[in-house]
Structures are given as structure tokens and as C-alpha cells.
Ligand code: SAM
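Presented as C-alpha cells, the chain that follows is alone, the form predicted alone.
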Amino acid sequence: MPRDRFGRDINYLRLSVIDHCNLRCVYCMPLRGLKFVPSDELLTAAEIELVARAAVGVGFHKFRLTGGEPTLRPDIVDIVGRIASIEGARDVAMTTNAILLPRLAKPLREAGLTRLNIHVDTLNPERLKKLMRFGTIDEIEAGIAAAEEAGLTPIKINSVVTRDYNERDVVDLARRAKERGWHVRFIELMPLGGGEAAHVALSQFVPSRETRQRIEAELGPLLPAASGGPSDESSNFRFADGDGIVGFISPVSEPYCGTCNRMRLTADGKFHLCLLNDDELDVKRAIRSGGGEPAVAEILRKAVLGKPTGHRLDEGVSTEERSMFQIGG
């Protein structure tokens, strides 16, 4: 298992497979002025498999496919199957907005996908249109139902809390978790990439403590629940009555950098060393110049050793070269 300079075991690789998305959430993607990676500059399914095999050889065992929206890749089922077939890849997950799951959930499960996180910021149709812009509650609900039918349970929901958009809707999502046994995680905004999205992150920020207070005022006290381990970025809670888990991911108000175990691969083939820093190492160049697994493994080892101790948001320093949709969260 690779260990960085600060004694953290880095064993979790997040793979952004595309930077396109079929939504335009206000804190992530503007409506205009977007530039996407050309198709021939995206890593191919075979190249993604090569990176995953090298990562397993180095000591990684947990993988998550992200975007943009990963289900927009026409070969996403093939990608999942390739990674899931690697001996030592014990956990293959995906983050998605669920819109395309009615036709993809079952094939993804059969290909070896083990878990899903579904992004939905509100259950209110009008506020969803305002915040996530495209897509509808009916489409997302159909995707969730397809995931449940395919056995990709328990359902995990990611909700980014944005003031003046959905901060009061957190209670409805928490109530749904309680009623249906979901795991809902409320995420603080992070300023990435400059422009409109970064402005929203700074001006519409809601700390997790406020979100928790709002939920407890309506649904009663939240009791501590088991975490997924020391590197779990979510502080998890359960209800005194009813099923479901409510989690809070607080990178700004309660940073968890000291236990971070993640490395990120961008859709255009760069290891992004820390979500909130611009440091990157190019792996696609090595692959396309003839380097195989050993070359990729060596770059990955350098990336792990170069991983910073944490973000510097308190100093006003954040990712400027890439937006969230270009990194995959």
C-alpha cells in the first residue's frame, strides 16, 4: 500500500472518465463558455484499464468512476467491466446524477459495479430546476428506482448545500433517508476553478453545523454512527428511530486532509494530487509514448509522494486551473 510523506496510506483512485455533463449545476458548470476535452484526448477504456492495473500493482484497491457525468461515456459498461476484472480491485463504485440509470443500472451491476452515489440536491422540482438547471425529479427518481432494482443498494445520495437555493430542503432529504433507509451526505461548497462557480461557492456557503441544526430541529437529535474507516470524509449519524444515515462532508469548516487516502485521475490523463490544489503529473503522455504499466506505476508513486499535506483555503489558495467537472470531485 503506497504511503505518502505524511504517513497517509493512499489506496483510493478516483477516475474521471469524461468532463461532459447533462446537468449544469450552478456551483459546478456555467451555462456558457465551457470548453471540453476533445474525444481523442480522453483516455480510452484500454488506457483507463492500464492505469487501474498499475494502481493495483502499487497498492490501490478502491476505485470510483466520476465525470462530469460518467454515464455519458458510451463505453462506460466496458470500463467498469475492465476495472472489476482486475484481481485486487475490491471496490468499484460510481458517482452519477442517475438520469441514465434506467437503461444502465443493470448492465453496470452485471459488469461488476459494487456501489453508487447519486447526486441530487433537492426533492423540490422548482428548486431543482433553479439549482441543477437541467433534468427533473421524475428522471432522477426513475434512476434511483433502477439502481434499487439492480441491487445497487443501499442508495447513497450526495447533496451539495447552497444558500438561497436548497439549504431548507435538507430536511426533506434527511426525512427520505429515514423512511427509505438511504444514506444521505450533505456536502459543503468548495471554491474551485474561478469564475461563476467559485463565486457561488464563496457567496452561498453553508457550514455543515447549520445544516445539522436545521435537520435536528425538524427530525430530532442525530446520534453518532459508524464511519467507513479513518479515511471516510463523512461524519455519519443515525436517527433515534427509523433507518437511514445522515452524513456531513465539511472540507471547508472541518477539514479532513490528515486522513485523506485519495488520488485523482483527470479525464485528460493527469494525476491531480489534491482536489483543492493545482499540482498534477501527466500520465497520458507516458502511456501514448509507449510506456506500459511500469511507467504508469512510477508516475503514480511520484504523485503519492508529491501529495500535499492539505488544502490552503484559509490562505485563499484553491484550484484555479480546473473546475469541479474537470476533476471529478
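Because the structure is predicted, anything quoted here is derived from the model rather than measured. Don't overthink the numbering: it's just position in the shown sequence, from 1.
Although not depicted, the form predicted in complex with the named molecule is the subject of the following passage.
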Just to confirm, N166 within 4.5 Å of the named molecule in the predicted bound form by heavy atoms?
no
Should E188 be counted as a contact of the named molecule in the predicted bound form, where contact means heavy atoms within 4.5 Å?
yes
Residue-level question: is F60 within 4.5 Å of the named molecule in the predicted bound form, judged on heavy atoms?
no
Please tell me whether any heavy atom belonging to T66 falls inside 4.5 Å of a heavy atom of the named molecule, as the geometry stands in the predicted bound form.
yes
Which listed residue (T95, T114, S235, S231) meets the criterion of a heavy atom within 4.5 Å of the named molecule in the predicted bound form?
T95
The single option of N158, S250, T211, Q204 touching the named molecule in the predicted bound form, heavy atom within 4.5 Å:
N158
When the named molecule is placed as it is in the predicted bound form, which of 180-188, 219-227, 73-81, 240-248 ends up with heavy atoms within 4.5 Å of it?
180-188
All three of C28, H119 and G328 touching the named molecule in the predicted bound form at 4.5 Å, heavy atom to heavy atom?
yes
